[in-house]
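Given as structure tokens, the chain that follows is alone and in the form predicted on its own.
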């Protein structure tokens, strides 16, 4: 009996591996696009005192653009058949999150395009190609503001990332079933950049930018991760007009009013969590609990909402960076199937 069980488990694992390998085989085929490009959403002018160049040069007032959101996109030939997907990264990261994985496999952005979805990658306002408002830093340097006005700049260490991203119980010790490719973790560390969200006004301009992008696209699925995990919902509270669905990957869910729940309940919503939530110190156990409460509130309001907890589906070992995990395309297929069922019923045949 034990031998039979062992053989069954081995066969199941082999089947899972071959299925994932089959998905990645698609990366060997030419990627065909109808178009690709980039643009900015939002932004406003701000007058600053700009120090002139060279010793003794006068300070000159002028205007700079701040709070703009950079977006790059790829549209497949059959993209117009489907609702576009907007992907927004988390803390201390950029849109690289969704691109080629640290160990060189296909990322979600390419896979979704190969599955006939137009994909829009947005850098959060104050991050990467979106830039940030440096006026306070410049003013402190010039002596017109005290040092106490300097914004906090968050930089996550390797050790912090290892724990928060749930790669293992302690630094450089992975979980036995860990899905993140820890042999390539140094490549993830290279992706991590300073987080300047403390320079932003309230509310976060990224929420407004995501809502505006959905309207501009005449409808979009918004997907956020970690720090931006609840940004799709926050964008819907700014303007739900263009938002066809919200997908929130691994984040705490804030307390909301009944009016806010009522607004969000009109939008199909998917919440996703991976594995080992209570096996590392930190927020993940409580974060899951807050989102479970959010799901219950949404259901009570009549919402089409789903909590996708991967271990309950028999999918073990996923980290916080599940879009980069070894089984990342298996998770992507679950999301695509959810979109087919809850956002685009009747289009399943076209998405294959």
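What you see is a predicted model; the values in this text were computed from it and never measured. Numbering follows the first chain given and starts at 1.
Omitted from view is the form predicted together with a further copy of the same chain, to which the following refers.
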| property | result |
| --- | --- |
| Candidate site 38, 100 and 129: all three near a further copy of the same chain in the model of the complex by heavy atom within 4.5 Å | yes |
| Location of a further copy of the same chain contact in the model of the complex, chosen stretch of 212-220, 88-96, 244-252, 265-273 [non-hydrogen atom, 4.5 Å] | 88-96 |
| In the model of the complex, the one of 184, 150, 256, 238 near a further copy of the same chain [non-hydrogen atom within 4.5 angstroms] | 150 |
| Proximity to a further copy of the same chain in the model of the complex, single hit among 78, 260, 72, 163 (heavy atom within 4.5 Å) | 72 |
| In the model of the complex, residue 48 touching a further copy of the same chain (heavy atom, 4.5 Å) | yes |
| In the model of the complex, residue 197 touching a further copy of the same chain (heavy atom, 4.5 Å) | yes |
| 4.5 angstroms heavy atom contact with a further copy of the same chain in the model of the complex for residue 300 | no |
| 4.5 angstroms heavy atom contact with a further copy of the same chain in the model of the complex for residue 170 | no |
| Residues from 104-140 in contact with a further copy of the same chain (non-hydrogen atom within 4.5 Å) in the model of the complex | 110, 123, 128, 129, 130, 131, 132, 134, 137, 138, 140 |
